[in-house]
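Before any questions on how it binds or moves, here is one chain, the form predicted on its own, in structure tokens.
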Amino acid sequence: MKRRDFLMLGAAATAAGAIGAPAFAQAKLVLKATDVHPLGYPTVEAVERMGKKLDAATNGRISIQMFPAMQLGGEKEMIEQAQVGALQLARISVGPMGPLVGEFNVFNLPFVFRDAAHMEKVIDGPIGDELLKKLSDHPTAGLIGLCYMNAGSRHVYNSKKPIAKLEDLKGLKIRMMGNPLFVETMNSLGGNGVAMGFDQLINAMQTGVVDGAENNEPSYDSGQHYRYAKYFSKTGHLMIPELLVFSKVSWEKLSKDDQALIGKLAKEAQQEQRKLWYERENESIKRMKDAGVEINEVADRKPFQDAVKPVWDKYGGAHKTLIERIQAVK
């Protein structure tokens, strides 16, 4: 039996016993939550804090049990399990949502946000709310979009050399998230984009299947990727928000009051995670330097921005109005 099938079978069996009863809204309820990151990571910590608030607000009737560090598989498996109600809460990147809800691919476009403050204003405002609703209303996605979480800027790291100019990426095999947009982004920059789950990355770097990957500082640090790829170059090519989603199958079994409470606490978790994020980002940069990571700034990003124009033309063309609205946010 494949690992994914085993995870799905076991999780589904657990879910059937835990939440299959008709009295789902009234019975004592333990919501299963999962994340690819370890305990203490900002997204994990924010959801755990949300669980404590939920427990207190319901006098112990509803609580959250966290399964961090890929215990329930990578993001693909997490999404699949949430869709069938085998788990309730999953923290996933907007990246894999693009193929489901096309508008999310706008957030996935390289260099779409000017900086972190711009990104936060977009996801905190009407545009962010509209896209969450599109996910929740999607007829086949099977997910409720609760809130966004910060994930910083993504930068390239590899085992071969620093990336100071566009030409330095040529020929490097770089792991990308499983969305064709990301693979094509790396290919347009001159590298070889390789679609791969986060849970497969360390083995791929150890065996030379890839030369490196691209991610934010906390993910690079918490995964100890500096053991395999010590050159960390601040390309800043992507700034992808993350999502906290809820299983629609499970959501529809909740009372309206419980849905409203979970929605309110999720929005609070969004703001708490943001504070935790910036603290962790600074801590990670220090640990990276202490570990001997070679960090370099990319002085001129314009050639990188020019190189990804074909990606914008292909994936942004259908969403011209939305892109204009994002660019107009000050």
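The first residue of the shown sequence is 1; numbering continues from there. Predicted model only: the values in this text are computed from it and were never measured.
The form predicted in complex with a small molecule is left out here; the points below concern that form.
When contacts are judged by a 4.5 Å heavy atom cut-off, residue 187 does not count as touching the small molecule in the model of the complex. In the model of the complex, the small molecule stays beyond 4.5 Å of every heavy atom belonging to residue 83. Although the partner is absent here, residue 37 is a contact residue: one of its heavy atoms lies within 4.5 angstroms of the small molecule in the model of the complex. Among residues of the shown chain, residue 168 is not one whose heavy atoms approach the small molecule to within 4.5 Å in the model of the complex.
Contact with the small molecule in the model of the complex, defined as a heavy atom within 4.5 Å, is made by none of 155, 230 and 281. The stretch from 108 to 116, 248 to 256, 175 to 183, 137 to 145 that comes within 4.5 Å of the small molecule in the model of the complex, counting heavy atoms only, is 175 to 183. A single residue from the set 221, 242, 211, 77 has any heavy atom within 4.5 angstroms of the small molecule in the model of the complex; that residue is 242. With the partner removed from view, the residue among 72, 132, 122, 92 that has a non-hydrogen atom within 4.5 Å of the small molecule in the model of the complex turns out to be 92.
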